[in-house]
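Heads up, the chain below is alone and in the form predicted alone; it's given as structure tokens.
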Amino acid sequence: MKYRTAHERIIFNRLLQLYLHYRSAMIQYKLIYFDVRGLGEVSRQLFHLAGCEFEDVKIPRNDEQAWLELKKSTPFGQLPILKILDAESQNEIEIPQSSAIGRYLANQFGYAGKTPEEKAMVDAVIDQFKDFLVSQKRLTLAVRTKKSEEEINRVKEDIVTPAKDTYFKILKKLLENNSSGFLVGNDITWADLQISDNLTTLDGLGIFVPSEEPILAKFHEKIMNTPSLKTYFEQRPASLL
């Protein structure tokens, strides 16, 4: 959807807020994930971006016993999980898997893309992120399990850096071809949230150096300064991953 005037955008956003207010009175959301950003963070951001209330349940990452007990009741034996309760009928459904949750919320709140083609490209960016995540997980595992500095550097150089170079090249091409400053279309989507959050992680791991990647640095700053998210970013607990 393209807005012909700023007034049309304001009207659309107001109608969306009214819809979300009505829906939040009937639907109760509960997001369950660990007390880190990880694969639950983009869903948290989508709730804050949309101004939709939700219960943010954070399982302590270092409490293995709590997780093992919870794991028995999860649909796929993994987190995150989104629980959706219809307050009127008391029917509850559970959605597992981070991408399924993110895509569902993005479609509910209007951040999945404005056209079928934009939605397809948003999904393509998410898939590209997941491709890179396979390599990134090798590094995060080495860091979490306190491998030697030599082993961590080996993983960075031999596995993560080649994958990062390909990943960054694709992202920069998308940004260079889109004058809006977003990855897809003229408005923020959950793909922007996912990539920006990943850049935050890569910055902490020393993989993304903003001064060496001005295009990505400008994009990251743009998303981090999104008005409806800025306060959340400033107040959330610090987390490397």
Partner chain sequence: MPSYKLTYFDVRGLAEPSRLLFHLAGVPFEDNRIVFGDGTWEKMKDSTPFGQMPVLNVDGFEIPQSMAIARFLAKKFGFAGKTPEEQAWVDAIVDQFKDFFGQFRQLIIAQRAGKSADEIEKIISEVVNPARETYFKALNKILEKNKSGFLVGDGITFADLVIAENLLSLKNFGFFDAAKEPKLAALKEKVFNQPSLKEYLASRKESQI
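Numbering follows the first chain given and starts at 1. All values derive from a computational prediction rather than experimental measurement.
Beyond the structure shown, there is the form predicted in complex with its partner chain, which is absent from this document and is the topic of what follows.
Although the partner is absent here, residue 85 sits far enough away that none of its heavy atoms falls within 4.5 Å of its partner chain in the predicted complex. Using a 4.5 angstroms limit between non-hydrogen atoms, residue 114 is distant from its partner chain in the predicted complex. In the predicted complex, at least one heavy atom of residue 108 sits within 4.5 Å of a heavy atom of its partner chain. Of the heavy atoms in residue 162, none are within 4.5 Å of its partner chain in the predicted complex.
In short, of 57 to 65, 40 to 48, 198 to 206, 171 to 179 it is 171 to 179 that has heavy atoms within 4.5 Å of its partner chain in the predicted complex. Along 39 to 78, a non-hydrogen atom within 4.5 Å of its partner chain in the predicted complex is carried by 72, 74, 75, 76, 78, in order along the sequence.
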